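What follows is a pair of forms of the same protein chain, given separately as structure tokens and numbered structure 1 and structure 2.
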Structure 1
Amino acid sequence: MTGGTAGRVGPRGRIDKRQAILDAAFPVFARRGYADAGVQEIAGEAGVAKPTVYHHFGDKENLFRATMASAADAVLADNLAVIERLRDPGEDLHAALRDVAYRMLRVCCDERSLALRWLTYAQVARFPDLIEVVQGRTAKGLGDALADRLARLSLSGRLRPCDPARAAEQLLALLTAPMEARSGLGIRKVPAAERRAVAEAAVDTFLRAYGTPTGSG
């Protein structure tokens, strides 16, 4: 009842504008790339004046870093939510994995995830430290969480004894790399059916290599 809408001014003004800038910046960077994204345009889409952006972030590089970190946080949260489904896989492990795999592909291929990867790749030369920030909050966090799930499955005998980190790394590889190639780095829209096929193929190969005779049945 005390409100909380962004339009309010006052002590909340600062934090609201800061977040508004971050929210506006990511799509612009994603559209234009770092070098071609104008601070002017970002400010415009955020509904603030250009100097306000500089007031909050100092310069364009800083703004970019903050934007990327913010986006990476959001992407990781989505991915982790999907993986949670492996905590209780039910009786049919194959089906459960397939389901999670398919959902992960959807998350990995949504606009925001792809843009995040583009931008990271694109600016790796200019912002080498960005890799740690982004990878740490996406691939690494995702891999760790997945490895946790796989370790449990291995302990409970539903996967063969193995290094769960390696297994997680490879399952992710089987999912993301083909998807990346087929989607033309995200340019081509991959139909749901094909996405499902990729997930199925990845899980199939994964279980052939890591499954137990009885685990998936």
Structure 2
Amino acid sequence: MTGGTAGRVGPRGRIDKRQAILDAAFPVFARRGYADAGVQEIAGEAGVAKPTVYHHFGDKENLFRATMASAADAVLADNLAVIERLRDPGEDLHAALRDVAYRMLRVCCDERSLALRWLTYAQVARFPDLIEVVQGRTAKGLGDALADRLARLSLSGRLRPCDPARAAEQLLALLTAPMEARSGLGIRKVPAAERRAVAEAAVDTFLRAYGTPTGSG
């Protein structure tokens, strides 16, 4: 006997179903754009009924906002995993920073990140809050985490004393500005060799400003 709980979906099931919808929605929005993406197609990709999508998100606009926020969180998580390398950079800080910079650019240029930027730029007129939502979860979140790592390196004498938030902002600018130009704001794929050259130049410039004679390896 199962009692009165048969057929009910518990909290975990609701969370999983919601995330399944978000995971399915992003590639549909990326492939078709906001206007041409259909809720029925998204429901089919997620393996749920169309009313289930509306139950979780209310309408297509809220679904799009939630989808973009979820994709931005995923991009941030990938970048945070990359900068974990700076918790223990080893003896050669220069090499560690080059590796981290290149891997951050690889995240920046992957299909999800490119689609996220394209959708943000394409829909900003309809969703004026979109840039704040996406950048708050990507640029700001990454900048805060990178500032923490740089502060630790400064305190240990591997970098000169500095404002870590400003140092993080400048390092990210040295990476992202050239990539935005080279990729045409995300519409052109940048070859790996070109990304590596950007990463190395950014780190070289950064360490000229913030490095110490003995701290960079």
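Structure 1's sequence is the ruler for residue numbers, which start at 1. Everything numeric here is computed off the predicted structure, so don't read it as measured data. We call the rigid core whatever largest set of C-alpha positions still superposes within 1.5 Å between the two forms.
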property	result
Number of the structure representing the form predicted on its own	2
Same rigid block between structures 1 and 2 (Gly184, Arg149)	yes
Two-part rigid motion between structures 1 and 2 - turning angle of the smaller part, in °	15
Distance the CA of His56 travels between structures 1 and 2 [rigid core superposed, Å]	3.4
